[in-house]
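Given next, in structure tokens, is a single chain: the form predicted on its own.
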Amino acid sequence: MADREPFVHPYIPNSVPEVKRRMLDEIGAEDIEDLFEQIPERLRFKGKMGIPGPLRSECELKRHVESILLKNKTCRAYLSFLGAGCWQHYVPAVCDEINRRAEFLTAYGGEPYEDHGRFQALFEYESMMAELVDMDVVNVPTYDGAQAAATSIRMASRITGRKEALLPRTMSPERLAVIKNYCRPDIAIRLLDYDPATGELDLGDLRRKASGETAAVFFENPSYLGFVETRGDEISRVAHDSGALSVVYVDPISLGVLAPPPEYGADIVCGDIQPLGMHMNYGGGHGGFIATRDEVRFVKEYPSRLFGIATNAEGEWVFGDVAYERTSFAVREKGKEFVGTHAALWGITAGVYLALLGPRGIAELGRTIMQRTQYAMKRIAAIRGVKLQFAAPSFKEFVVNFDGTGRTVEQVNRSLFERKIFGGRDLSRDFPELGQSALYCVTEVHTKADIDALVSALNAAVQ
């Protein structure tokens, strides 16, 4: 059988054989293999890849991709109690409507001729976010909360001139990995012990380790493991007594019920804005915020863009960059840190969310989450052999221990999955001292019936 004509793929540029030939002639190459001659022969794949035949129409392609997507088990079909850094909150339709508008969705890093609306939108976001966290200055969002945390620690190091940061052992392993990578090799990361009964920071260990080398004492509130640090003022006092800064990583949606970090001594506040109007998107979208007081020593150490409002020569109010010269956009080699793509679209989205809810809505939302979390904790703790790991107050997330049931978290989660429920995140690998424990998450999307369904499924799973 004669060879078929080579397939010219409609979605791959320059796949027409004549076009390929002209391109090769232009650069003086005999064939495409000449382009890879610098790669050793032993590293080149000589076989034939098991790639299926081409899809020759848009209709076929769409059907194929949809068949793949249908294999996903999503939170639309399953009941989810997963959190651990990316949470299922309700996203009002207006958030998606605004962030899909062309002037926002396609705006990258342009100049004032196209950015008047975007500058104002981000200024409004920063203003509302500053009010929420009770600080004066908030940046355009960084890539995610982990980067915001790492940058906050680097800011503290530059401000204090010190090269050490103290962090809790209970923090997110992923966030800790980013911080270590971002701060190496010139900032040492030391971990602090925690009270096994409450999960809260061991103040004795903090006092022993805080020294004249410490640039920042960093802690999460609420913690990655869900509990609330009730002694934030004491942690900040120890930090300040040693000449360090207090850096607090906070879930912004908790601030409807919890005191903002500056009330217990925080100098830098950071976190992730994913709870403020962003879908989970298979682990995205995220945006990290950093907030400080309006003091030169803080403002000058922000690597990211800040938007402010001022009057121009004609007396008109305008929006634009504040202290632009400190960024790597201005003079790259003199920037405080390199700043690449910001998550500005998510900042605009969070601004829409905050404007929609307002102070009263944020407070009502916080109370709702707190109440439903407490209800879930009470019901789960009543299951035979199951206990709550920590005695401290919790917001949105809490640790459930299954040691008394004789079942592993993996077994429990497999049983829940059969009932179309995503169980809590397995902590047994990252925190082996907690035994067979899992991190469960409850938000405003979970009804009483949802929580009761989880309890019923857990009862069946541990029998």
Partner chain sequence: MRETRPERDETDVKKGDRDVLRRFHEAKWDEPVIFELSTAGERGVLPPEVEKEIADEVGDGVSSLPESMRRKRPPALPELSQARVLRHYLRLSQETLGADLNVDVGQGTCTMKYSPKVNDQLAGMPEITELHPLQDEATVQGILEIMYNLDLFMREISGMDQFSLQPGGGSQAMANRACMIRAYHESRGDKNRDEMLTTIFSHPSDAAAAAVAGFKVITVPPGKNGYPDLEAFEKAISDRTAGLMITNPEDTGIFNPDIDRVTRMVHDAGGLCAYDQANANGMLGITRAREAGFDMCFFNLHKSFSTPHGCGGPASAALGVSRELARFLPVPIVSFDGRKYYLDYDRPDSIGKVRTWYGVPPVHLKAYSWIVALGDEGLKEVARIAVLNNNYVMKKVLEMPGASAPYGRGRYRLEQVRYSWERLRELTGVTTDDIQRRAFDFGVHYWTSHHPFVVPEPMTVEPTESYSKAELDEFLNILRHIVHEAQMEPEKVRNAPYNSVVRRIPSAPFDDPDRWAITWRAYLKKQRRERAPGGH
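Heads up, when I say rigid core I mean the largest set of C-alphas that superpose within 1.5 Å between the two forms. Residue numbers count along the first chain shown, from 1. Small disclaimer: the values here were computed from a predicted structure and weren't measured.
Absent from the display: the form predicted in complex with its partner chain. The rest refers to it.
Visitor: Answer with yes or no whether Arg190 is in contact with its partner chain in the predicted complex, where contact means some heavy atom within 4.5 Å.
Guide: Output for Arg190 is no: heavy atoms all beyond 4.5 Å of its partner chain.
Visitor: For Thr214, is any heavy atom within 4.5 Å of its partner chain in the predicted complex, or not?
Guide: Although its partner chain is absent here, Thr214 would stay clear of it in the predicted complex, with no heavy atoms inside 4.5 Å.
Visitor: Indicate whether Val318 is a 4.5 Å heavy atom neighbour of its partner chain in the predicted complex.
Guide: The answer is yes: Val318 has a heavy atom within 4.5 Å of its partner chain.
Visitor: Flag Pro260 as yes or no: does it have a non-hydrogen atom within 4.5 angstroms of any non-hydrogen atom of its partner chain in the predicted complex?
Guide: The answer is yes: Pro260 has a heavy atom within 4.5 Å of its partner chain.
Visitor: Could you work out which of Leu79, Val238, Val386, Ala130 is the residue within 4.5 angstroms of its partner chain in the predicted complex, going by heavy atoms?
Guide: If I apply the 4.5 Å criterion carefully, the residue I get is Ala130.
Visitor: Heavy atom within 4.5 Å of its partner chain in the predicted complex: which of Ile348, Ala266, Ala244, Ile253?
Guide: Flagged contact: Ile348.
Visitor: To test your reading of this chain, name the stretch in 286-294, 161-169, 190-198, 203-211 whose heavy atoms come within 4.5 Å of its partner chain in the predicted complex.
Guide: So the stretch in question is 286-294.
Visitor: On the criterion of a non-hydrogen atom at 4.5 angstroms or closer, are Leu276, Gln436 and Leu458 all touching its partner chain in the predicted complex?
Guide: Contact check failed for every one of Leu276, Gln436 and Leu458.
Visitor: Could you list the residues in 175-189 that come within 4.5 Å of its partner chain in the predicted complex, counting only heavy atoms and keeping sequence order?
Guide: Residues within 4.5 Å: Ala177, Val178, Asn181, Tyr182, Arg184, Pro185, Asp186.
Visitor: Core-aligned, does Ala453 move its Cα 2 Å or more between this form and the one not shown?
Guide: After core superposition, the displacement of the Ala453 C-alpha between this form and the one not shown stays below 2 Å, so no.
Visitor: For Glu325, is the C-alpha shift between this form and the one not shown 2 Å or more after core superposition?
Guide: No, the C-alpha moves less than 2 Å.
Visitor: Cα of Arg56 displaced 2 Å or more between this form and the one not shown, core superposed?
Guide: Yes, its C-alpha moves 2 Å or more.
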